[in-house]
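Take a look at this single chain, the form predicted alone, given in structure tokens.
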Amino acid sequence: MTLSLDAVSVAGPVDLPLAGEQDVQAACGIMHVHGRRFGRPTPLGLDYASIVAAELAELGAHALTFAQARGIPLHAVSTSLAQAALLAVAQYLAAATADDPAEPHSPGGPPFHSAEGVAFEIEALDPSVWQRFWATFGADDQAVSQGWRPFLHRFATATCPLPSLPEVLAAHPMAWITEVAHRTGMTLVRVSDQPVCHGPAFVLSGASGDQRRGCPAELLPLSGLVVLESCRRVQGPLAGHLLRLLGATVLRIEPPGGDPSRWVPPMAGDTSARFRALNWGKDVVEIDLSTPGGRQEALDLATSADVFLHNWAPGKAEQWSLRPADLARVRPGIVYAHASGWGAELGANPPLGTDFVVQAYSGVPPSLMTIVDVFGGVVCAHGIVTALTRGATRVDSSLLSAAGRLNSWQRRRCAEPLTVPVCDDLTALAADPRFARALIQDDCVLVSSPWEFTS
């Protein structure tokens, strides 16, 4: 049987005369979301839709190879720049079409600058760290309090207005800001002007025989396989989401009471719209992994799984005795996938590995869109499917490795003339019948699979 990968098209199922990258960024919402911080639609500093589409195409090709090896009669797979772009804005599109989508998108946001003009990013997930950091500089208490929510939610809104706070830091030298960050627990990373561009996007290791399940009745490459996922935020859940779109059954492990992200507004039915965009269609089991009984329950579930995927902080797998060898003892041949922030690049105790600090460190053209998180999820899923195809049992990917892969592509040198209107309203995009074949309505508007397989 001959493998056939259709050429990556520009528009795919989107019924618009899209000529290339610029048209896709304009029509499919990338310029709109990226431009929120500037108050106007703005192109990204790299050909992001083209890069994501190329990664999706490689992933789809490996999935097709795996399907054929399992006896699933699929002969071709296709994707497009438009489908890649819609995947990139999926969370923002879901939020815009939720039950109560009203969110302020006022312009503004990092990176910050020191008195010498050095650009840098900061990160905190704990409000007490945020408070201590700014209090050291004598920042206005009200500005600090009001700034916490837009800072914390900039991943979701792609904008971060912080009145007066950037000016506070701009009055101080970089050495002092760095010292304060160290003392207060604030992560600080300088914005690099030397793009990181080294190493593979994911690393495969281990080997197993082909113990994967045989051909099921469904006609998707991963149909019949089970993925056990323990992930939060964007990168890991998106990887699991893509595996589900390829046919796998995905079982999410969430803490007792459920993942807190489920209840972050805006809501779509009884679930956060953004959470739905990344986790729609997954099964859920609530387990307290901090207890021995919970960890044993996870191992019991792993006995019938084909993939175990997590994005825990460094050292957590060792602390919980849920390392690759621990999973392999109960399920020989299981693919163990870790989606991290930094990989092994910054040692055993790296700073917080979130999208914007990785952007800064790696020199990716900056955006308050979660461009590294999304691409990192695609890269992780690509690694998992490649492992399934090659019989590997370990996949290590990271946001940093994904950023390096983004940087390995040539930057856009000149802007193409636009031939389509620029989207400035995601609700209008969602209601446009020309996008209907690429979208799904389920309490909010979700993005359908970025691949089309044919038999």
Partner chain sequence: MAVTVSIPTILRTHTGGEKSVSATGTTLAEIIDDLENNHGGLKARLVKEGALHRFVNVYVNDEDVRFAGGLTAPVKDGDNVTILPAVAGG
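These figures come from a predicted structure and were not determined experimentally. Residue numbers count along the first chain shown, from 1.
The form predicted in complex with its partner chain is left out here; the points below concern that form.
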Report summary line: Exactly one of 366, 294, 333, 265 comes within 4.5 Å of its partner chain in the predicted complex through a heavy atom, and that residue is 265
Query raised in the report: Though its partner chain is not shown, can you say which of 149, 75, 183, 323 has a heavy atom within 4.5 Å of it in the predicted complex?
Result: 149
Query raised in the report: What stretch, of 297-305, 228-236, 173-181, 82-90, brings heavy atoms to within 4.5 Å of its partner chain in the predicted complex?
Result: 228-236
Query raised in the report: Does its partner chain come within 4.5 Å of any heavy atom of residue 125 in the predicted complex?
Result: yes
Report task. Consider residue 202 of the chain shown here, and say whether it contacts its partner chain in the predicted complex, taking contact as heavy atoms within 4.5 Å. Result -> no
Requested in this report: Give a yes or no for residue 361: in the predicted complex, does one of its heavy atoms lie within 4.5 Å of a heavy atom belonging to its partner chain?
Outcome: no
Requested in this report: Consider residue 113 of the chain shown here, and say whether it contacts its partner chain in the predicted complex, taking contact as heavy atoms within 4.5 Å.
Outcome: no
Query raised in the report: in the predicted complex, do 260, 354 and 373 all put a heavy atom within 4.5 Å of its partner chain?
Result: yes
Report summary line: Contacts from 153-181 to its partner chain in the predicted complex (any heavy atom within 4.5 Å), listed N to C, are 153, 155
